[in-house]
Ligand code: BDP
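There is one chain below, alone, in structure tokens, taken in the form predicted alone.
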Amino acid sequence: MRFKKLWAAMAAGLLAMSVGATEFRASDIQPEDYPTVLAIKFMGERLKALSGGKHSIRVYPSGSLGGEKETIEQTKIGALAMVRVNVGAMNNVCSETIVPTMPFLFRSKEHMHKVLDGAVGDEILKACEKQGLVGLAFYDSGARSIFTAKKPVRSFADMKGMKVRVQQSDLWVSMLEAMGANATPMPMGEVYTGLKTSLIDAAENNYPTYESSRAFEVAKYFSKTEHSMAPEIVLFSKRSFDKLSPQEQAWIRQAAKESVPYMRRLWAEREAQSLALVKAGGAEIIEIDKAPFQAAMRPVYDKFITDAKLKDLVKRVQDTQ
């Protein structure tokens, strides 16, 4: 099934290129009304306006073209024009993307925006090109926290031995292991069933995903560790991008940048809505002391921020006021 999806996507992608690629195909694992999906649609509208109707974007939501790992690969080979994924899914592809994924890196949402809108953000996006992906923009992903099915996490000690679903990322595995948990890589689409059947004890994500995945129905305890503000990243196939004229490339970059404030507004609205919905659905929001969690992250930084370039990027983030 996976290979059928890949070849179907490749054939459609090649067909689109052969007739001028007026409709770029983009993938997203989130549902149609999710802020990231709506932001890419907005980007498509801006691209259409900028190109005088020549170019547009069609978004395929809900993981209909595959999971994050699959669609990154499809985008690299040009079977897909674009993909929106969490930056954590890129950690094993482009080393610089590890930096914004690091735990407790950003002091606040405002700090994150300043970093990602500036030179550090541009440098990380540019670094993706050597892996066949043109980084276009960063989107918000909120603060990620732990939600549990049976046993609430009210302190650092409560994490010990807990089976927690994580993204398929070495960094995410190490982060949860540093908290004393048993990290369990698993696609997001399997989390609800995993929690319901006790295959896992917990997962971690933001309010909108906690709500839209219906995880709050089977995991009532949401503990605000806020251990990561790892952003979303919008990527374009370099193979497809290089076939476009400089003017067309500029239109795509401009449309992506213009979609960022739109996405942030939608995200803020969605976070507030999702928080209200999960509370109404019986979720308990638990405030916890973050200090022990932060202190446990030193080995994670030592393991993943190893070369001089990554250390410099981290320092520049921390120095940003």
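Please read these numbers as outputs of a predicted model, since none were measured by experiment. Start at 1 and count along the sequence shown; that's the residue number.
Form predicted in complex with the named molecule: not shown, discussed below.
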ask   = Using a 4.5 Å heavy atom cut-off, which stretch among 235 to 243, 118 to 126, 98 to 106, 162 to 170 contacts the named molecule in the model of the complex?
value = 162 to 170
request  = Indicate whether the named molecule has at least one heavy atom within 4.5 Å of a heavy atom of residue 85 in the model of the complex.
outcome  = yes
The named molecule contact in the model of the complex: residue 213, any heavy atom under 4.5 Å = no
task = Answer for residue 145 alone: is it within 4.5 Å of the named molecule in the model of the complex, judged on heavy atom distances?
result = no
request  = Please run the contact check for residue 274 against the named molecule in the model of the complex: heavy atoms, 4.5 angstroms, yes or no?
outcome  = no
ask   = Considering 184, 74, 209, 174, which brings a non-hydrogen atom within 4.5 Å of the named molecule in the model of the complex?
value = 209
query = Of these, 278, 256, 26, 29, which has a heavy atom no more than 4.5 Å from the named molecule in the model of the complex?
reply = 29
remark   = Restricting to 60 to 81, the residues within 4.5 Å of the named molecule in the model of the complex through any heavy atom are 68
